[in-house]
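We begin with a single chain expressed as structure tokens, specifically the form predicted alone.
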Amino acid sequence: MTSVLKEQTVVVIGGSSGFGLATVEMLDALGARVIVGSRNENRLAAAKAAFPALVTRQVDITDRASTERFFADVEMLDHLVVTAAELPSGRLAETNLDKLRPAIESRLFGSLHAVQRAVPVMRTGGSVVLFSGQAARKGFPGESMGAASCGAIESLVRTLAVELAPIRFNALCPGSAWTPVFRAFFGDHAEEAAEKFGASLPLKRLARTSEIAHAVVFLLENTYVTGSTLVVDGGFGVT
């Protein structure tokens, strides 16, 4: 069956690695026209080399001017996916709040900047998928600002689904996978953390990035889903 995304234009910000790149790969295979935004020039170049049909542009969604420049060249689009976010950690009593602020600046305000620029050029039937995270649903010491930003995204899509209807807004709350973000977060202990965390889940493994990408595609394709958060976490939430 031909995907409804064939020949539709999808902007993926944060699409040069991890869940974003897996989503880009799946969209490309489905015949979508994909515009990839990322801060990392080297990763953008690698994505373009792997999938020559992509349009790649550098963007920093924490910078309003950068976001405006990125969307200035987007004449029309059908869908927006934002996976980009910074993940600073620190216990509240011991950490300068300026260190934690990028969690809100990137995930929440970055997403808002992108949505604000995308909506005026979005075709009828368009949709937006924003990324939440497991910290929105369980408490982790040192992750207060990450939890706040993820929770804000889940609340945001419910409001925007009403305010900007009929454009659809949904959030995706993914489980952990072996991504650059996971490796950077755990550093030298990443392999040990992956094995231990995977074993604690009902499915006994981390997510595959393709499984998260499949969930993104579902939210883009299903025209009756809006204001929802789709949790794809391997059972983490029930353990």
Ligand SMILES: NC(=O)c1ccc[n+]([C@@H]2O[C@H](COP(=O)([O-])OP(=O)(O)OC[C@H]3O[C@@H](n4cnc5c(N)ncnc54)[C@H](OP(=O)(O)O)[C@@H]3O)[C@@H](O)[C@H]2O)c1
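Since the model is a prediction, treat every value here as computed from it, not as a measurement. In this text, residue numbers run from 1 along the sequence as written.
One more form of this protein should be noted, the form predicted together with the ligand, which is absent from this view; the next part is about it.
Between the ligand and the residues Ala177, Met26, Leu201, Leu54, the one pair within 4.5 Å by heavy atoms in the predicted bound form involves Ala177.
Comparing 132 to 140, 117 to 125, 71 to 79, 154 to 162 against the ligand in the predicted bound form, the single stretch with non-hydrogen atoms within 4.5 angstroms of it is 132 to 140.
Looking at Ile13, you'd find a heavy atom of it within 4.5 angstroms of the ligand in the predicted bound form. Asn40 belongs to the set of residues with a heavy atom inside 4.5 Å of the ligand in the predicted bound form. Put simply, Leu30 is far from the ligand in the predicted bound form: not one heavy atom of it is within 4.5 Å. Contact check for Ala103: no non-hydrogen atom falls within 4.5 Å of the ligand in the predicted bound form. In the predicted bound form, the ligand lies beyond 4.5 angstroms of every heavy atom of every residue of 205 to 224.
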